[in-house]
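Next comes just one chain, in structure tokens: the form predicted alone.
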């Protein structure tokens, strides 16, 4: 029996490739190139499925040019690289990898908050340049984390995990805003209080962004929101680029209207707004919030599980558009 043809769009763990090879004829990207849209379309020709990452945009044009495509499995919890509506209309199943990266991403989000508030990367650069020659009472002072008010915009799994770290580990009052309010039990577990968006930006000492990216959340944090923040406050983004207006943020940081920012994601990444690169009071990391080895393995394995289950059992573990399964797909 002929195995389904699958494209693995980026380099992944060899063990995961070996599992997939049992079930599929694989086309891989061992050089780990980031393909243009025409290159991606060319490589999808004749493929029944694909394992993708956030760098592969599967939009209506790509779907239309790939008539044999039946399933795309994203090795990420975010899926703003998928046009889910176009995939659904075409009868193509889309999947992602939720849950397996929640705690690791929350760890990193809190680490980025700490690094931002306590000016860790700025002080390390100072030390490495050989400029440290004496102690001074105000050298690299910053705001406290312990006991400070933590504001979380987007209170899904990762937001709740960050809230628990702040409330239980650092004695932080937690406020949050979300499209829908959590149930009472979830709020109690996080020790979190629901507020409107403007109140969150006015009251929080540290704002952490963990909301999904969509057209409605594009530039959810811009000049107006930044103007509400305390001049001693920090902003951390471990969600998606495009949620923050990076140009407006750079201006607020440059003018001292907020104290500092920690960013793991950017508009147009891997490019970073040049104004951000020029600032001292911003911590920049290259989209690595989920980058523990066990978690990245779990993400790859879940993406593989979704492909294997789809072709062997007619289902998927974490579908984004399960209605495709209900009507039989392509």
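Since the structure is predicted, the reported quantities are computational estimates derived from the model, not experimental observations. Residue numbers count along the first chain shown, from 1.
If you look for the form predicted in complex with a small molecule, you will not find it shown, but the lines that follow are about it.
**Student:** With the small molecule left out here, work out from 276-284, 300-308, 24-32, 52-60 which stretch has heavy atoms within 4.5 Å of it in the model of the complex.
**Tutor:** Only one stretch qualifies here: 52-60.
**Student:** At the 4.5 Å heavy atom threshold, is residue 75 in contact with the small molecule in the model of the complex?
**Tutor:** Looking in the model of the complex, residue contacts with the small molecule include residue 75, since a heavy atom lies within 4.5 Å.
**Student:** Just checking whether residue 296 would be counted as a contact of the small molecule in the model of the complex - the rule being heavy atoms within 4.5 angstroms.
**Tutor:** Residue 296 belongs to the contact set for the small molecule.
**Student:** Although the partner isn't part of this model, could you tell me whether residue 101 comes within 4.5 Å of the small molecule in the model of the complex, counting any heavy atom of the residue?
**Tutor:** Flag for residue 101 set to yes.
**Student:** Wondering, does residue 240 line up within 4.5 Å of the small molecule in the model of the complex on heavy atoms?
**Tutor:** Residue-level check for residue 240: yes, a contact with the small molecule.
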